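In the form predicted on its own, a lone chain appears below as structure tokens.
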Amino acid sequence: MKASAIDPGRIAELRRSYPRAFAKTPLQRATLAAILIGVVAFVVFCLYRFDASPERIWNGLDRFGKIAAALFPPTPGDAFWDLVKAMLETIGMAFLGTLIATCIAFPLGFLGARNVVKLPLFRFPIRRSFDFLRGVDALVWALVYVRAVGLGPLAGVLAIATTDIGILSKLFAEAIENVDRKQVDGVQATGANAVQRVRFGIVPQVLPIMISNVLYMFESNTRSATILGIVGAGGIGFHLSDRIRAHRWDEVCFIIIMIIMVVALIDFISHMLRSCLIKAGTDRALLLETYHRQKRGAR
């Protein structure tokens, strides 16, 4: 029906019955205007507080242009193999930190899941510990561990592991809480105990998701390990900060290119593995659904 064919009286009646469908109420318009004014005022305050003057920005762009010109051509200098070793050290930091966090987060994820641990008094402190661990950035943990165990990759490994325990535990717990209850009930109907229900009813459903999360964290930790090296946790970040302080911008550019290439390679491999795992999990879920349908049809 065309709008022109609707009776004006009907339109007026609908406008009275559903005013929000035709226009915002005065209160809604005032609220929206207040929010916009508040956002603009906060932005202006931040720019003023941070001294973001046009002159300062222009001078910064001028200096940045000079630095950008000094980056090319990139060269490793006389430390190519030292940079390669440092890059491998960074990858090793990310791998060990992710592995340690995964081993600890796997059981913690079950302890923090609502459908596994049904007692809130026991589950609540576990979930809040996840928030504490992931609420503190890995860079802060690195500063703490550098003081505790000294300079070197060990501090970086511990910092990555500490942060990832909180992140992975939360992701694992949420994946466990979203499992299909039918498969768990089917295992329970065979007379399985609590451990067997978890092993055969929950783990097969969440394992592809867990591995996908772990691969993503490994990729992210490779970048994080680079930053951790700047505060003394070893790896390629130490060489990067050292050359920035010495204004050796051509070597800085070479290191940045190395980091980008390694992260891109890890990202590609992780994406391929995650795609395979997710596809395998989807195929398995379809097979289980088909099996249950056939079983119900046979009855």
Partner chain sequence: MPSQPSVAVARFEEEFARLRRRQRLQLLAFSAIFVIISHAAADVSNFRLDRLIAGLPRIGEYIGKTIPEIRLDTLPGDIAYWYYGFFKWLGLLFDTLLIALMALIFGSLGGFLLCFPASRNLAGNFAIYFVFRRLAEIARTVPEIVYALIFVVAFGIGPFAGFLALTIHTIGAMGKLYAEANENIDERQLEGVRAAGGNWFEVIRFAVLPQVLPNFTTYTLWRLELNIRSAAIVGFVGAGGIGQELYHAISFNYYEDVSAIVLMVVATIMVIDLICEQLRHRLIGKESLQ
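Residue numbers count along the first chain shown, from 1. This is a predicted model, so every value here is computed, not measured.
Although not depicted, the form predicted together with its partner chain is the subject of the following passage.
In the predicted complex, its partner chain sits beyond 4.5 Å of every heavy atom of Gly186. Using a 4.5 Å cutoff between non-hydrogen atoms, Arg181 does not count as a contact of its partner chain in the predicted complex. Residue contact check for Arg147: one or more of its heavy atoms lie within 4.5 Å of its partner chain in the predicted complex. In the predicted complex, at least one heavy atom of Trp249 sits within 4.5 Å of its partner chain. This chain is displayed without its partner chain, yet in the predicted complex the stretch 133-141 from 113-121, 187-195, 75-83, 133-141 comes within 4.5 Å of it by heavy atoms. With the partner removed from view, the residue among Val206, Ala105, Ala173, Leu158 that has a non-hydrogen atom within 4.5 Å of its partner chain in the predicted complex turns out to be Leu158. Residue-level contacts in the predicted complex: of Leu27, Ile35, Val43, Ala69, one residue has a heavy atom within 4.5 Å of its partner chain, and it is Val43. Although its partner chain is omitted here, in the predicted complex all of Leu154, Ile230 and Ile256 have a heavy atom within 4.5 Å of it. Contacts between 230-244 and its partner chain, taken as any heavy atom within 4.5 Å in the predicted complex, involve Ile230, Val231, Leu240, Ser241, Ile244.
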